[in-house]
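First come two forms of one protein chain, each written alone as structure tokens, so that there is a structure 1 and a structure 2.
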Structure 1
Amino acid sequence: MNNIWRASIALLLALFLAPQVSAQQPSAEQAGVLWFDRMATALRELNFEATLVQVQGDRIQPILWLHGRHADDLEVELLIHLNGADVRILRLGDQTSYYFQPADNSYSINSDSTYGLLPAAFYKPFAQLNDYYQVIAGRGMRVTGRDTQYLRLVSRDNSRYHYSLWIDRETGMVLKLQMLTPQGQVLEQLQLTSFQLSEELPVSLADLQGVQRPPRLFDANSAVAPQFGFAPSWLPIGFKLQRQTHRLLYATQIAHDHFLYSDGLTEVSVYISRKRDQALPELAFEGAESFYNSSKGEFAITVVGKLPVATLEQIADNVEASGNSQ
């Protein structure tokens, strides 16, 4: 009888305690937000030296990546491309400079993240993406010899690409990233091949504050307003206009109106030019950098960005008269 009584008590305890234990465990999405925010903090706070490989189609680029903070809290980041042309990207706080050879092509911009490596949104809390992305934590694997936490960023409306992330469980550092189509095709990826933390700012970054900076690429005060009288009237939720201007394309000298939008995770550009000047056929290409070209009346509409080509087509189809023709 005592054994039956003990078994009954044990069963009752199990039934009452099980919901309490499970209630203490965060859901896969709650855990995803916590890990994403930890990654954002690591990208801002850690002192490290790393090497990585960035792959986009057939293009493979090894990169040296250094990051740290001065004693006065100034953030410093340096990227050096190790294949092909000598390209260096230096960020001091919110000033980022891109150094190319020949030096005439070098420029500086206002940015607190280095464009072309990680999306700017990875440096900020996930709350800013929550309306149009969800992040789900899953089971990780070893990357660069370190245990990781897997995160999946999924577009809530399938109008954007998805992302897979592998986060170092010890430090919160992102060790591997993949950008994928909604169908699961990998378009772009990067993976760290070495990662070394340090207590202090890496020595290679200590004396970069005095480096001469190239001229600013974009000055809002000197920008010319769009002139062709058309503008996008629809973009996926979350995309905000960053700038709009009328200018000449550098390579072809074709006059165009340029509209740049960003949702924090990716950017999309809309170019409007006279069809007789551009002379491109209607065409579309989907990839890491998708491209869609169409026409409306006498104007050519070109949309470029890291988005599914169906989204670019919808943006182009919703370019409408804005009443600003000059």
Structure 2
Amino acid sequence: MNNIWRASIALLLALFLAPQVSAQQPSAEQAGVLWFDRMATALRELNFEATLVQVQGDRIQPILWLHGRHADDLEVELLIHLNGADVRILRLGDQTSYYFQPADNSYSINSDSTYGLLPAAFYKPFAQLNDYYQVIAGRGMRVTGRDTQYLRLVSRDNSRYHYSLWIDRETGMVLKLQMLTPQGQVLEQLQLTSFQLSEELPVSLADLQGVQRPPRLFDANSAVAPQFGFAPSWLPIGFKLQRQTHRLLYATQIAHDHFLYSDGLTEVSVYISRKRDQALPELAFEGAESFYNSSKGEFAITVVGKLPVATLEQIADNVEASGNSQ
């Protein structure tokens, strides 16, 4: 009798404790999501002054990165390129301005994530990427003098670039980032070289509210629909059409049908133009921004995006007549 009691108590205890044990040790993927979301929050909430280097191939760009929140919750972010042309990105809340000197072609856009350093998706919770990507926590190392948590962000179908992230254990700040091909070749790296956290908004950000903002960027031609009667018929799973237009590319004044797709993290553009207008040979280029150019009949198909060139090729090969040519 006594034994039965003991057994049943042990069973009950086991039943109660089991979920707690598993909650204490989440899987690498659950932990990954938690850390990713912590990073997204940190990028919005922390007051910091940092310097970093951005490496793409043989290019190195040192960047000053300041971020903070005013007492009234207004978010301020400032990025300054320290080498070469004077490029500055200033974001106040959902207004982002891009300043270029000496070429005075600055502009503003309405966006609450600072495009140009990190993918916009890094400022948002992981849930929106969950269908096509997974993020796995691994063993961290020391980065910028701090203890980090390592995260690996990979696409579920392995057709996209991967990210390696090193997240500060104390604050959730991203301290190092690598973008890699599925084969593991590093295409782009960010490495913070100094990171100073503060309680208050950094002083240099305090008086930027009155700063002159350049003109807003508008897209005037968005109303014209594609005209060449071709459209991509295949993209990696998860890519959704964001925009489709027919217009002249500004720099060359060549008429193009343009399709922009996004899976939430990665974007890809498909351009279709007349071959007699566009004199590019068939070529492929894999890099931080890959490029693929081929042709179909009298049309040139050009695909641009942060994707492996094999994926771009597949997209280009699957551009087919859509039947609404004019």
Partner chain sequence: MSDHRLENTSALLDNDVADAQQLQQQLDVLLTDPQAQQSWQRYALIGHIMRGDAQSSHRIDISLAIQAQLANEAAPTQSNVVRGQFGQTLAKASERWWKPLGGIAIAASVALVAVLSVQQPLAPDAGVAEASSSPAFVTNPFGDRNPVSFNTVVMDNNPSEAEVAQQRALLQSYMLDHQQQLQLSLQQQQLEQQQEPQQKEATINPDE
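What we label the rigid core is the largest C-alpha set whose atoms superpose within 1.5 Å from one form to the other. Reference numbering: structure 1, starting with residue 1. This structure is a prediction, so every number in the text was calculated from the model and none was measured.
Form assignment for the chain places structure 1 as the one matching the criterion, namely the form predicted on its own. In the core-superposed comparison between structures 1 and 2, Phe299 has its Cα shifted by at least 2 Å. Annotation: Cα of Leu117 displaced by less than 2 Å between structures 1 and 2, core superposition. With the core held fixed between structures 1 and 2, Thr193 has its Cα displaced by under 2 Å. Here the two forms are laid over each other by their core, and the C-alpha of Arg243 is off by 3.3 Å between structures 1 and 2.
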